[in-house]
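Here we start with a single chain on its own, the form predicted alone, put down as structure tokens.
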Amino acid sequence: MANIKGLKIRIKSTKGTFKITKAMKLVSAAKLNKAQMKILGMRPYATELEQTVRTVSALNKDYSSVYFKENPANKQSIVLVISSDKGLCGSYNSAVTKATRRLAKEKTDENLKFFFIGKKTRDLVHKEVNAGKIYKFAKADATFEEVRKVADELSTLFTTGEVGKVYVLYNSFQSAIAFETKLKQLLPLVVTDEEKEQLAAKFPYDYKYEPSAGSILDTLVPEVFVTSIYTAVLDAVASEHGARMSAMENASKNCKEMIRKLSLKMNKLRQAKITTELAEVVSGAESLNG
């Protein structure tokens, strides 16, 4: 009887867990839909903006900007790592954490300092790497203006010469069930000689700019940096919701399977108990009939 009672308690507990995981899956699915629309709407703009800056800067050979300036002697670099504040999202945070540790071991030629958006990866690696500031936002989904403040702080560190490079490490959204961990160099913006030649061959025209190519680029180049970080944040948010939805779906399936197995085991024990009791009744009746 004790075993049956214990199984009933486990089944009840598992059913409670199933309700929670199912609800979390539905919430994540709703959030994923909103986040997916944001990132899919932002990517074309960000890609076109960056490509426009690359093209105009390549066609105007006399243009120079501090955002394009490389300083090989400066080995100080910042890596902005984007993870989540909450768990229960499968391999989402572990993928970023592994990439952070791997990066710290591989890039020994640079003095990396890690800044963080989201506390999960920071909590895991802050004793292993040179951990810096963690950025927090009013809500889980950062606004463009909040991201701009982060970008302004990082760009200032670069333009003043305090650091030589700025990277971002994040999970890029691929689909509701897949993401890719990416490391992207944001500063300095690099347009190789080969790329310049390809763009010059692709656009052999004499463009006229108003007011001028330099003033246009001076406005757009900082926006490319801000937009790149904001796009990475949107990518990370969509990936997080997709990973959590998938994890809760798997957890719900596991709960169902656990309930099925426990119910089967309980029924077998109950059946065995009933069979034993019937055998005792029959044996008692036969003994009375002597």
Partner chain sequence: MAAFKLNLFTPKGNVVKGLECSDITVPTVRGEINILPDHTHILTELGTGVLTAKTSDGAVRHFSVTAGLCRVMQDTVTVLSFTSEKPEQIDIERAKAAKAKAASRLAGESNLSDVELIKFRRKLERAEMRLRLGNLY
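Residue numbers count along the first chain shown, from 1. Note that the coordinates shown come from a computational prediction; the quantities given were computed from them, not determined experimentally.
The same protein has a further form, the form predicted in complex with the partner chain, not shown here; the description that follows concerns it.
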Taking the partner chain as it sits in the model of the complex, is S65 in contact with it (heavy atom to heavy atom, 4.5 Å or less)?
no
Give a yes/no on whether A251 approaches the partner chain to within 4.5 Å in the model of the complex, heavy atoms considered.
no
Heavy atom to heavy atom, is D193 within 4.5 Å of the partner chain in the model of the complex?
no
I'd like to know whether P211 contacts the partner chain in the model of the complex, with contact meaning heavy atoms within 4.5 angstroms.
yes
Quick check for you: of 218-226, 259-267, 28-36, 237-245, which stretch puts a non-hydrogen atom within 4.5 Å of the partner chain in the model of the complex?
218-226
Just one of K182, K119, R148, K113 has a heavy atom within 4.5 angstroms of the partner chain in the model of the complex, so which one?
R148
Using a 4.5 Å heavy atom cutoff, which residues in 228-247 contact the partner chain in the model of the complex? It's fine if the answer is none.
none
